[in-house]
Ligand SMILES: Cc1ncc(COP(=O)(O)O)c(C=O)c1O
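Below sits a lone chain in C-alpha cells, taken as the form predicted alone.
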Amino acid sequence: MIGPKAIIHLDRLIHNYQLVKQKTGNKQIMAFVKANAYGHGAVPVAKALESVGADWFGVFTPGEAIELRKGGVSGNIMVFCRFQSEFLEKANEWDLILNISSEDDLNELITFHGEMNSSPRFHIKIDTGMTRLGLPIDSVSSFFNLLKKNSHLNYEGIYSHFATADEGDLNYANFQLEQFKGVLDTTGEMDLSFQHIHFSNSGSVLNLPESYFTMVRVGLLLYGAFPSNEVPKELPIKPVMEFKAPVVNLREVKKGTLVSYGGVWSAPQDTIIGVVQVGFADGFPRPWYGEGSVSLKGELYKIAGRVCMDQLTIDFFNANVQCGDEVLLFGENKTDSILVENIAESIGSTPYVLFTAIRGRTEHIFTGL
C-alpha cells in the first residue's frame, strides 16, 4: 500500500512495561488498551503484554472488551464507561469487570443477581476530586452499608482517578490521595475488604509512589511517551510507534512559489518540493505545519504550507531524496527521531490526542516479537 504506516515495535512495548514493573516494585499493572491501544492496535498490544505476564487490561466500552476476548486475550478486562444494566448479561458472558459509580448502579446489580443468581465482577469508583464519574465522598457510608447487606455480590476492587497527577504541583493530587485513604479507612471499619485497590496512572507512577496500592493503571508510558513536561523523565522508555509515510512526487520550484492551501507558505529560495502521502485524515496533526518538520536519513526538513486531508508538502532543499523514500513523521528508527511529546507541546496538544488520531488509511505493521 502506498500511504502512511504505523510500525508498532512490540519489543519496545515490552521494554516499557518491564520498566514500569520495576519502577512500581512489581505491583500489578493494568495496561490501558482503550481507543485501539491509543492508536497502536488493541489486540496485538494486549497479546504481546500477555506474553510477558500482564493479566489486567483497561478499556472504555464493552465493545472494546469483547474485541479483546474475540482476539484471544484471556486476562482480566475492566470496562470503565458508565454502568448500564444492558451490559450485565454481556459482562457475564464474556467475563468482563464493570465500573460501579453510584448507589443506583449497585441496586441494578442487586436486582440482576436476584434474577440470575450471579453477577459480573465489579470495581467501585470513588470521586475524590475529578468530578466526573464516581461515588461522591458524602455518599460513601450509605453505599457501603448497602454493599455490606449484599456481600454475595462479586465486588473485588475499589479505585479513584487523579485530576492533576501529571503536573508539577502535586497539592491537589495529594488532597485526592488523602480523600481516598479516608474512604479505605471507612471500608476497613465496616469490615469490607478489596482484593484490588488502584489509583495511580502514568503521571503518578512517575512522581507519587504513595498512590501505588495493589495495582497501577498505565497507558501512555507503555507506548513510550511522557504525559506532560512537568513529570520526572528519568525512566528510559522507548517510542513504540514509528509513524512514517512515502514521498510520492518531487518537483523543482522557483523562489517565491506558493505552496498548498491558502498560499501561506512561499519558497524562500529555489528548492525541491516533495509530496508526502499522508494527511490529517490519517492522523497527521494539521497544526504542526507552522513549526513542523519530518525526518529523512538523519536530517529534518520543514513542512511547506498547510497539511491537506490526504497529503502534505515538504521543502527538501538540497536533500538526498527520491520518490519512494519514507519520511519519519514521529517516533524513532535507526537514523531518525521526532518525539511525539515535542510535537504536542509545539501545537498545544497532548500525546494522547496525537496517538489516538492515527486511524483510517494508516497501515499498522507489528514487529519486534
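Because the structure is a prediction, the values reported are computed rather than measured. All residue numbers refer to positions in the sequence shown, first residue = 1.
Omitted here: the form predicted in complex with the ligand. The next part is about that form.
Asks: So if I measure heavy atom distances to the ligand in the predicted bound form, which of the stretches 307-315, 48-56, 337-345, 31-39 falls within 4.5 Å?
Replies: Selected range: 31-39.
Asks: Of 278, 79, 218, 124, which residue is found within 4.5 angstroms of the ligand in the predicted bound form when only non-hydrogen atoms are counted?
Replies: By the 4.5 Å criterion, the partner-contacting residue is 218.
Asks: Just to confirm, with a 4.5 Å cut-off on non-hydrogen atoms, which of 196, 113, 161, 286 contacts the ligand in the predicted bound form?
Replies: None of the other options qualify; the answer is 161.
Asks: Thinking of 132, 202 and 352 as the candidate spot, does the ligand come within 4.5 Å of a heavy atom on all of them in the predicted bound form?
Replies: Judged in the predicted bound form, 132, 202 and 352 all sit within 4.5 Å of the ligand.
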